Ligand SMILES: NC(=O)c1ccc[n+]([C@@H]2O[C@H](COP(=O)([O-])OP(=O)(O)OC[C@H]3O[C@@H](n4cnc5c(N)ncnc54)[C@H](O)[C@@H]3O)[C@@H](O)[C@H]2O)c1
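One chain follows as structure tokens, the form predicted on its own.
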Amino acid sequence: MGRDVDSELVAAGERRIGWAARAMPVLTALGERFAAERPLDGLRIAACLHVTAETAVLMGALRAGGAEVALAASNPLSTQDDVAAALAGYDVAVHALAGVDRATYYRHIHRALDIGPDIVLDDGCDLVNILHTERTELLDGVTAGCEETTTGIIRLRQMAAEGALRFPVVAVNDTRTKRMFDNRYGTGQSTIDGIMRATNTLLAGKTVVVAGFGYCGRGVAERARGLGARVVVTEIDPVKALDASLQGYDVRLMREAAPAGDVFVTVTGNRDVIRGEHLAVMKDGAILANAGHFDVEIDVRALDDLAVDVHHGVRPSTDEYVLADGRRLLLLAEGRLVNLTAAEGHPAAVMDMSFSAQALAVAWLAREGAELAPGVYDVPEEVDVEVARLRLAAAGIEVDVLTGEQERYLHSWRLGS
């Protein structure tokens, strides 16, 4: 970890982890199952994830299953130092510290890889990228991996298309439960939470521009509209743009939205979504927030070039850029993930679903990974269904079961109307 761990920090982290675990009944139950069945005995896992209380619960489940685990941060601004300190009690090797520079961030990933992993867990593909470029000596020992976020899967699919990916990776992000619960509801709520904490702005009556109408963008748009904002959507995908239009959103080009918006949220997984030409026409006081994984969606260099003065920390996680004509643009969280930098990320109940799918995917890979060819794989349907079933059971909700006649009807082409 590169720091002395004090008892007060550990105690604070343990309290935070305990609070999160109370809202994570599915992952807690899986941890108990793993402790009994030990499906991960003898495996070494290197993880590059947000170092938060919810991640700590996942680490506990993996350790209970018998794995040796090393953890690095997937974003230095999201690391909760008290949680990192407390994780030592889980016997997890943690290489993370809040606010480190880029060089230290990558050095921490290298230290996590020093474990010599059999399985890797990634959130954004940085760890997998380093494996394939700088730590190639470890590749032969890696059986498989999991990827948690849309941005990472975009990169992995490109690697696979070019024949560069050397092992199978499960796209945990693409499960039905993950897209519904995490991307839509989690990102929607936590992004708005980050904007509110950073600026204390009133969204009612404001124009909020959401760049990207995937599952995450849809969640942000829904939450903003629910708070009384007028929501404009920008898109490159005609089908998603049509979907947004049919849901009543105002769909425009970014160059048209730029002078009209009060708050801008990028949720695309791509770079330079908001560029210099857009920044140049924004109104005084416009708020810029990114909910995509990397800090490239808003062109911060262009913003630096346009500014004649920068006031850092005018509010928590808020920097004010003053342009030559006196207009002020407010950049949140340095252009990084606003929901994890200015707020606490997804609620624990949301991460219960995502991390349960991740834990079950790891157990599946421990059994099947060696038989899979390199490539990007969907999470097995039975894993997705089990996560949903366990979550419903924890909430005391039951669903109907097909009758024998219904089963025969669904599986026969001979039965007509």
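Quick note: we count residues from 1 along the sequence shown, nothing fancier. Fair warning: this is a prediction, and the values are worked out from it, not measured in the lab.
Not on display, but discussed next: the form predicted in complex with this ligand.
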{"query": "Listed residue (D182, D126, D118, D82) with a non-hydrogen atom within 4.5 angstroms of this ligand in the model of the complex", "finding": "D182"}
{"query": "Option touching this ligand, based on a heavy atom within 4.5 Å in the model of the complex, out of S78, T175, T151, T318", "finding": "T151"}
{"query": "Any non-hydrogen atom of D91 within 4.5 angstroms of this ligand in the model of the complex", "finding": "no"}
{"query": "This ligand contact in the model of the complex: P168, any heavy atom under 4.5 Å", "finding": "no"}
{"query": "4.5 Å heavy atom contact, G214 and this ligand in the model of the complex", "finding": "yes"}
{"query": "Distance check, K240 to this ligand in the model of the complex, heavy atom within 4.5 Å", "finding": "yes"}
{"query": "One stretch from 205-213, 103-111, 243-251, 305-313 that, in the model of the complex, holds residues within 4.5 Å of this ligand by heavy atom", "finding": "205-213"}
{"query": "Heavy atom distance at most 4.5 Å to this ligand in the model of the complex, all of A198, E222 and L330", "finding": "no"}
{"query": "Contacts with this ligand in the model of the complex - residues in 328-345 whose heavy atoms fall within 4.5 Å", "finding": "L337, N339, L340"}
